[in-house]
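The chain below stands alone, shown as structure tokens; this is the form predicted on its own.
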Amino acid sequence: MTGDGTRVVRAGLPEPEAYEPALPGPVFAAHYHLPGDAVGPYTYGRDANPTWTRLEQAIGELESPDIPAHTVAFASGMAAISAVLFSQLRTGDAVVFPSDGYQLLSAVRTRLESYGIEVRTAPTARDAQLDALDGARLLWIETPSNPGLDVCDIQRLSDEAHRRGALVAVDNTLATPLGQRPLGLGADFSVASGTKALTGHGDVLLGYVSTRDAAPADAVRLWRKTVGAIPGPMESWLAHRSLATLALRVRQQSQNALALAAALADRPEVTGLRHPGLPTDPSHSLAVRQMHPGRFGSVVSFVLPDKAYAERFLAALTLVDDATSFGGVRSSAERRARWGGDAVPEGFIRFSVGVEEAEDLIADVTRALDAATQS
């Protein structure tokens, strides 16, 4: 049994071959030679690609190290989310969403309801989705939630959902498979946007679905083929290349995020501070049980007094990009209410902590807060 740092370096690599690269380059192919009646693993570019295969194997090894998993890569996280929902739900079914989940779930809800699928919502905190489970076909969990960073008990929710006949999908984007492993906690699907921390460099759009059951994996894969939501070979290769540093990045970003959260706790203008690794956080005790120690994610959220104050703060930062997304090696922050769709105050900040030196980052944030206060 190897450690995560070793696993990410080797995940999905082919057996060593003399004079060949450890990670072969991307395969660009729309079609493949198909002699006679034989049908091999690669026939057409919308069905499969060797570069995807290696990436999917690698992610499967991270999401489920002990039991083989089936992983399907997608062009984006939303493509992966849609594949699970639309391959598993039918007219007359009910699905339970988090009411505080990723903002595009509201657009998905509208589409599902137009197909005659009932969508129920409940908050992530305190496992409130349990109250909406009766008769549901699927429970959709997001933990830690985005952007509020609440945590729910995956094992408890999964056990109860299965008892009531429902499947469970967990959005594992923020935690990454090194922070928590939903499949090992009873979930049927682990779904994530590889755009964020998994690849970590802000240069790839990607998503994936992992499951230990072949049948739902086949359904998800068929959905990908049907709608053509396939990842590009270059993006897939870049993602696989980036996995080698995932353990290093997750470790550094989690340490930095905790240090920043601790520093923000002493600022009088900061309210609503959340980070699962902070001992004072409402979700900390559950996060400690469920997530890998010291890997509580790169995101810190907090509230500044108002919109103008938040804008002054963001403008005064020098080491932090004003950008939407999270999990990248470069720190970024945004006033989340600018996009609409999230039930957050105008001064709510979602801060994605990068791999800079913690002391430099804290100094920059402290200076920006001071500047925002004095203006």
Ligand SMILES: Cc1ncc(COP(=O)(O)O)c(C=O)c1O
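Just so we're clear, the structure is a prediction, and the values are computed from it rather than from any experiment. When you see a residue number, it is the position in the sequence shown, counting from 1.
Keep in mind the form predicted in complex with the ligand is missing from the figure; the text below concerns it.
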* Candidate stretches 221-229, 237-245, 73-81, 177-185, one within 4.5 Å of the ligand in the predicted complex by heavy atom -> 73-81
* Please pick, from Gln129, Thr211, Ser283, Asn146, the one residue with any non-hydrogen atom lying within 4.5 angstroms of the ligand in the predicted complex. => Asn146
* Just give me the single entry in Leu273, Ala259, Leu205, Val288 that has a non-hydrogen atom within 4.5 angstroms of the ligand in the predicted complex. => Leu205
* Asked: Using heavy atoms and a 4.5 Å limit, would one call Arg295 a contact residue for the ligand in the predicted complex?
  -> no
* Asked: Does any heavy atom of Thr195 come within 4.5 Å of a heavy atom of the ligand in the predicted complex?
  -> yes
* **4.5 angstroms heavy atom contact with the ligand in the predicted complex for Tyr102** => yes
* So in the predicted complex, does Thr173 come within 4.5 Å of the ligand, heavy atom to heavy atom? -> yes
* Which residues, if any, of 111-144 lie within 4.5 Å of the ligand in the predicted complex when only heavy atoms count? -> Glu142
